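So this first bit is one chain, no partners, the form predicted on its own, shown in structure tokens.
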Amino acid sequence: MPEPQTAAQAKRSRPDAAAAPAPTDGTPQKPPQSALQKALARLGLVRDIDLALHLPLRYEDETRIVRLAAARDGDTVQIEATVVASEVVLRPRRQLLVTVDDGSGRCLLRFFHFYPSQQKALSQGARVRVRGELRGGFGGAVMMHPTVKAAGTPLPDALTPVYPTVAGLAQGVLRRAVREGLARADLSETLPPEISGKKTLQPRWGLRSSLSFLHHPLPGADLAALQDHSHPAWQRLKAEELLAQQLSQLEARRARERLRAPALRPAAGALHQRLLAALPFALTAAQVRVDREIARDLAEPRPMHRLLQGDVGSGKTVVAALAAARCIAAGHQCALMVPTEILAEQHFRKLVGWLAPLGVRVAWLAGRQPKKARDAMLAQVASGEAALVVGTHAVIQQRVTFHSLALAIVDEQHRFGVQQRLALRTKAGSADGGDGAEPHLLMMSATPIPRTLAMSYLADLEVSTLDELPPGRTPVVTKLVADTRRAEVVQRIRAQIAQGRQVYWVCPLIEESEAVDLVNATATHAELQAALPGIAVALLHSRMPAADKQQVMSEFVAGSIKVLVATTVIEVGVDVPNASLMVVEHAERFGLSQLHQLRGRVGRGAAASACVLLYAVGEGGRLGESARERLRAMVETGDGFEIARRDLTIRGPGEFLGARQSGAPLLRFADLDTDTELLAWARALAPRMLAEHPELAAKHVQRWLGGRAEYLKA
């Protein structure tokens, strides 16, 4: 189970709450933030409810005093004792050594960092309360940097919480702030008892009682249940969090259903049917099913909001082309936005090959286009002459004006943030319905979404799945090879080229980096050129001029370049059926879904294909646990859905989803692997609560998500 959110995670996933600059137009100014408020804001703790929901990472037991004679080596204990000796020694380094005696034994307290006030408080004869980990030493028991208080103060009656914090915010200060926020926060119940389901949640554990217990559990509490979050108090919080998320997603879905979009109902014999007839291959059953699902959505006068997911090579591009054809046949424009120029150009060439013979003008936009070519494309888009526009984020820039945009397609949607997708949706132009009409939105992902993730974070989407690969795809054999065997890999490359095949070699860096000790693409390119004389070896990376990248890719596609050394610029979309070997340098440094994407660049033709994962061991000659899990998964399965499930387990939902949820709330308490019953409960309760108790539903979402719920509407 994941811990409550760490300080670093909190900082990444919440908006910065620092005070805005003071206005100069006479507007009443907000009072300046104190140092404490600024520190709390860095943790995302702005409202009282934020403080109340800031749960401990662990607990310390300060409720009892232990005698030294009864303590064991390695125990964390609290003793009360008298200082019998105190001195500062300078060798081997400056330190404060304090000997204390509790009547049953003696213990040495060692401090390498201390203040004069601490030295004074620990002078000979002082009576102190000390808490720390007891370790055996040559001279007896030792505590390193223990917590010290004056003896005689009343013992607490609950365990002491230890919270996630940031530099400059001491535990004592944070504990007081949380305690005060918990006392002030409105914790009135928002779950209607008649519909909340008594079997799921124990009635005695309401929100207030659960939070009070989790902040200050009593001695003897089940620490194991607290640690693995299975305690009923934890279950209550996880259930409420999941319910807030489901309510927010459901509200977003219903808000979109109230919007207008052009109903795209092309006539019989229209463009999409001519495209189907012209394709040199037959659609799979999965492609036919998904095409029909999309067609039904496009025919409605409300915006489609659909995710098309499918494993590498499952044929998403042709499904997108059919959707675009339906849009164009109905008299409107379609935009396809992709993350890289290489992928944009590849989509452009493929779509031109399919649609240009049918009389469709396809334009493409990229950031590094020459001005003259770009201006010509912009004019075609604005006039409506270009029915389909393919490009990178350049598609959403201010200068781009559509004549009648009715369908927006986003490929590799997880690479685009909320604001980028919102910007694309505002480009609707003058489509049917006039101003205010929304384009239909189709998002595509080659990273399949595990079911529980789709039920949770993507609950506001319709999801279509291509779960069948087209015939002719060759299974890819995956091999793990230590980087000490590079010579063998080079020999295998020679053999592949001798058979008329081509090879990718992917590196994580472009050039030398002092921060990361990796073999880089530039050095590998030079190394392979020397090892493979007479063989065309090219280099491709994101910093190259667009024309140079285009030239390299064109020559590789044509077959004149035999070995392509590249960074992950070729991760998605590149389609060269003659490439039969993928070598990934420093595979242990790549994410699991990224490795699966790279592997998908080969096996696209009839030739037997392989993916070689070159790995380098770390200090001590061992791979890290996470790296071992990723590489093991790559060898054990080629199923994209199983890869996605394991990736979710390794990385968690926040990193798995990438930029799609940038700024949106991630699950802090619930776990999608173990809390499926609570998720099902929340999904069932959300529509009833919105229908029967809309005010409570609104209060519940505001309490748990605050302003962050707005991001879910993208």
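Just so we're clear, the structure is a prediction, and the values are computed from it rather than from any experiment. From 1 onward, residues are counted along the sequence shown.
Another form exists, predicted in complex with a small molecule; not displayed. Remarks below refer to it.
Exercise for review: Go through 152, 116, 533, 471 and name the one with a heavy atom inside 4.5 Å of the small molecule in the predicted bound form.
Suggested key: In short, 471.
Review point. Of 384, 315, 132, 638, which residue is found within 4.5 angstroms of the small molecule in the predicted bound form when only non-hydrogen atoms are counted?
Key: Partner contact (heavy atom, 4.5 Å) among the options: 315.
Exercise for review: From the candidate stretches 244 to 252, 67 to 75, 215 to 223, 315 to 323, select the single one in contact with the small molecule in the predicted bound form, where contact means a heavy atom within 4.5 Å.
Suggested key: Only one stretch qualifies here: 315 to 323.
Review point. Do residue 575 and the small molecule share at least one heavy atom pair within 4.5 Å in the predicted bound form?
Key: Contact check for residue 575: yes, within 4.5 Å of the small molecule in the predicted bound form.
Check your understanding: Does the small molecule come within 4.5 Å of any heavy atom of residue 345 in the predicted bound form?
Key -> Residue 345 lies outside the contact set for the small molecule.
Review point. Would residue 283 sit within 4.5 Å of the small molecule in the predicted bound form, counting heavy atoms only?
Key: Close contact exists here: in the predicted bound form, residue 283 approaches the small molecule to within 4.5 Å, heavy atoms only.
Check your understanding: Is residue 486 close enough to the small molecule in the predicted bound form to count, meaning some heavy atom within 4.5 Å?
Key -> Flag for residue 486 set to no.
Review point. Is the small molecule close enough to 287, 350 and 604 in the predicted bound form that each of the three has a heavy atom within 4.5 Å of it?
Key: Yes, the whole trio is in contact, each within 4.5 Å by some heavy atom.
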